[in-house]
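Okay, here we've got a single chain as structure tokens, the form predicted alone, with questions on binding and movement later.
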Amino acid sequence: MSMDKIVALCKRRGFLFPSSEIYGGLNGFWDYGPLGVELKRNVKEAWWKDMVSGHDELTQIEGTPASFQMVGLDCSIIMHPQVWKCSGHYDLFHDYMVDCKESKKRYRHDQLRGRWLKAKEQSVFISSQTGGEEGLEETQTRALKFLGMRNKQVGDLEWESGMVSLLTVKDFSVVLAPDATQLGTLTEPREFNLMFKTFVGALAGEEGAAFLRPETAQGIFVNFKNVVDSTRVKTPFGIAQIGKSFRNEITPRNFTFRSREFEQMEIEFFCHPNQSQAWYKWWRDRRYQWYTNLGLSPERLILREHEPSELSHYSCGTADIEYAFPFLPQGEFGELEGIAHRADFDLRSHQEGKLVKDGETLIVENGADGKPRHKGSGKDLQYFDDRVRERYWPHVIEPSAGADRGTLAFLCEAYAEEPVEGGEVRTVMRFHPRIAPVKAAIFPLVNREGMPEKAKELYRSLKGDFGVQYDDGGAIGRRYRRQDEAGTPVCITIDGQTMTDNTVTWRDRDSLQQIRVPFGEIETRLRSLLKP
């Protein structure tokens, strides 16, 4: 599977375009085209239906500690700045960056890799932004150029290690930066806060400063009491949200995998502390199964528990669902979704701001680093269970999925090339019918003998309930190929036999099988295809 071919198809068929392309684009931002917007919308709608609107709150699902409710929210992108101080984002939401004094380029410290080379009577670290075979080839090419050697002398290179992270390097004076010609041009790592800063109202000073949200979760936490009071939900219950988030990534890359504007599909699931571990395991397994149900191969999908050293400051357990994206080195996986056991960190933080009480007054303390801790809302965000007369801080399980990363994974998984009759190669996108941008294509075989009128009649009868397309341009084989590249599961052709017995040619995208189907069965067959 070639990532270059997938990217080319996305541009050619209208799945994804570089943002502001006519002005040269803007790194880290992408626009979804006519097919892409339908694909991503279908992914989000499948998630919302399976997690929220289609959830049966009256029946306990097998394997769960109890029956549960699910509700939704849509919170604002800009919130009170104190939200981000109490959540920890203001102080802790950063990456470490290094700058190259020669090339003037900036890199994430943890994303640079390289290998050690014996050169000029010292060990030199030849760095690269990629890993795997591609990284080995790049470092080899750069080592030859750095030493003034020819390609035929590649066997004379004295490598002292395989590919390792720049994080393991202590002395930057012996590092050759990715775009540099001299050693020692990288600066020491320094913090870079990932939040986008903006200003609210007419005041442009710090008094009007605010931030674009870096995640959708905090909007759920600050509305916890509003949801409980207005809906009368009882624990355990979940609050779901789909929305845009923004992170000022140092080095956005790998198509839409790491971008500065992206969309999240998040759930904050509130439960009794005694049941939180059981719920964590259940949500972890359920979210993994959701991806396989929609077509991701278990061979390219893993569920990985975080090591203790990887856990965030709020987490007492996290698992990542990861996918083997084709832009990653062989054997490596990229995160699709994280399922975190956040305990009671968030509600406590927004109530107390990590503060202590002096009688009835909230006072700010200095932390171990000397920085002031942040004042919370002071509102009582505990949950009172009137069924058992108990007040407690609910524990939170957070399945947090990237809508863009999920869409990218489905694009990569769907892409296939296969030989067909005549020695040609067919490019086909094998999307699950639920997320396919177009559910069926309607063709008149020829533009005469009443076939266009019959095809348009069928198109109009289906259009209101299904995403169907009408196409009468070119040879029938060419029309099939266009729909294969769009990932359309079914093509329906009105031909000469239709005009005599009211049946159509039903052509399956994956098997290429063609059968005759009566007009009256078409809608039923389509609905059957789209069932979860």
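For every residue, the number given is its place in the sequence shown, counted from 1. Everything numeric in this text was worked out from a predicted model, so none of it was measured.
Although not depicted, the form predicted in complex with ligand GAP is the subject of the following passage.
S.K.: Answer for residue 395 alone: is it within 4.5 Å of ligand GAP in the predicted bound form, judged on heavy atom distances?
M.R.: Residue 395: no contact with ligand GAP in the predicted bound form.
S.K.: Give a yes/no on whether residue 262 approaches ligand GAP to within 4.5 Å in the predicted bound form, heavy atoms considered.
M.R.: Residue 262: yes, in contact with ligand GAP in the predicted bound form.
S.K.: Could you tell me if residue 454 has a non-hydrogen atom within 4.5 Å of ligand GAP in the predicted bound form?
M.R.: No, residue 454 sits far enough from ligand GAP in the predicted bound form that none of its heavy atoms falls within 4.5 Å.
S.K.: Any of the heavy atoms of residue 401 lying within 4.5 Å of ligand GAP in the predicted bound form?
M.R.: Contact check for residue 401: yes, within 4.5 Å of ligand GAP in the predicted bound form.
S.K.: Quick check for you: of 263-271, 119-127, 233-241, 162-170, which stretch puts a non-hydrogen atom within 4.5 Å of ligand GAP in the predicted bound form?
M.R.: Within 4.5 Å of the partner lies stretch 263-271.
S.K.: Only one of 335, 102, 352, 138 has a non-hydrogen atom within 4.5 angstroms of ligand GAP in the predicted bound form; which is it?
M.R.: Result of the distance check: 335.
S.K.: Heavy atom within 4.5 Å of ligand GAP in the predicted bound form: which of 215, 344, 95, 91 fits that? Just give me the one.
M.R.: Partner contact (heavy atom, 4.5 Å) among the options: 215.
S.K.: What residues of 234-266, in sequence order, lie within 4.5 Å of ligand GAP in the predicted bound form by heavy atom?
M.R.: Result: 247, 249, 256, 257, 258, 259, 262, 264, 266.
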